[in-house]
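Starting off, we have a lone chain in the form predicted on its own, written out as structure tokens.
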Amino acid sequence: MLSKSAARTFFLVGTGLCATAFILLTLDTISRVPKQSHEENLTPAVHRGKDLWDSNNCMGCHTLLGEGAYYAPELTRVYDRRGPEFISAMLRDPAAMYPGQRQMTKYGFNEAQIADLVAFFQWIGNIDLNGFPPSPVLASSAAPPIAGAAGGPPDDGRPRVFGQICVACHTVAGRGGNVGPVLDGVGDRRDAAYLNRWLHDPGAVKRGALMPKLPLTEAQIAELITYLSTLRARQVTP
């Protein structure tokens, strides 16, 4: 049983040690911020993008750095996950990217504002958050992809633009979105000329096509045609 003086001493010493540890840990955290946040990359465009994020109350629907609402997708790593082309297209016209599904408001951003928001998302995505948030897992079918089936492993030979834009709507080998048609075997159904016309302007090929005219470069279209042409039905050996 401690005496009153011993208990007082124990309390004061314990409180002092805990307070000292707290202060030291706080100072250590603060000292790490510039390096982990890459403050050297805080350009005027990033600042303007942050102002647009705040002034349009994007956090009312989206989550960033663990803060915000959970009505819409989490955006901390959206730059790596979707890329600048997809982000820009979504900011121009969300409904065109997901016809009849997306509820995101069309804010009417001009091209300069879109570029600022993309720069902001790029900076956010480069912050060292010690592994937070974890990499997302794309939706998959109940059955795992079969080795050697059309499309091969989920990321086997896929162009970067396919993983950033196309999988948001299309499924290959059981992984991806469910808005557009499954692309397994598309190389058997469509030739390179058709794919070229479709990727340039779906609406010109099929009136009322749900797929929007994507902001793809000629190089990206060529990559996608090459990849999609390899997606053929599995050959069954008798």
Partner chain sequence: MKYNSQRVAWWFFATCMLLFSLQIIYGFIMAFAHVGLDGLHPWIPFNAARATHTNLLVVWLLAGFMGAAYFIIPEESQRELEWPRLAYVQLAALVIVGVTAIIGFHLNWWEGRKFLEIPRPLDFLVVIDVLLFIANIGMTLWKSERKTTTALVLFFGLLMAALLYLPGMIPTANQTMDSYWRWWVVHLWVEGVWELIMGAILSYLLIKLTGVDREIIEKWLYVIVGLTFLSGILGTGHHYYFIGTPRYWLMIGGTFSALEPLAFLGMAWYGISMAKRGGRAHPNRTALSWTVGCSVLSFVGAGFLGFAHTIPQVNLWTHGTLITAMHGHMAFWGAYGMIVLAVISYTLPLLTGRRLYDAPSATFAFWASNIGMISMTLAFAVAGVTQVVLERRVGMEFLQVQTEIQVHFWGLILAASLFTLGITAFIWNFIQHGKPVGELDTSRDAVEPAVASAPVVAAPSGAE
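Numbering follows the first chain given and starts at 1. For clarity, every value in this text was computed on a predicted model and none was experimentally measured.
Beyond the structure shown, there is the form predicted in complex with the partner chain, which is absent from this document and is the topic of what follows.
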Quiz item: So in the predicted bound form, does N196 come within 4.5 Å of the partner chain, heavy atom to heavy atom?
Solution: no
Quiz item: Would K50 count as a contact of the partner chain in the predicted bound form, using a 4.5 angstroms cut-off between non-hydrogen atoms?
Solution: yes
Quiz item: Does at least one non-hydrogen atom of R82 fall within 4.5 angstroms of the partner chain in the predicted bound form?
Solution: yes
Quiz prompt | Contact test in the predicted bound form: A168 vs the partner chain, heavy atoms, 4.5 Å | solution = yes
Practice problem: Please pick, from L91, A115, V78, I124, the one residue with any non-hydrogen atom lying within 4.5 angstroms of the partner chain in the predicted bound form. | Solution: I124
Quiz item: Of 1-39, which residues get within 4.5 Å of the partner chain in the predicted bound form if you count heavy atoms?
Solution: M1, L2, S3, K4, A7, R8, F10, F11, G14, T15, C18, A19, A21, F22, L25, T26, D28, T29, I30, R32, V33, Q36, S37, E39
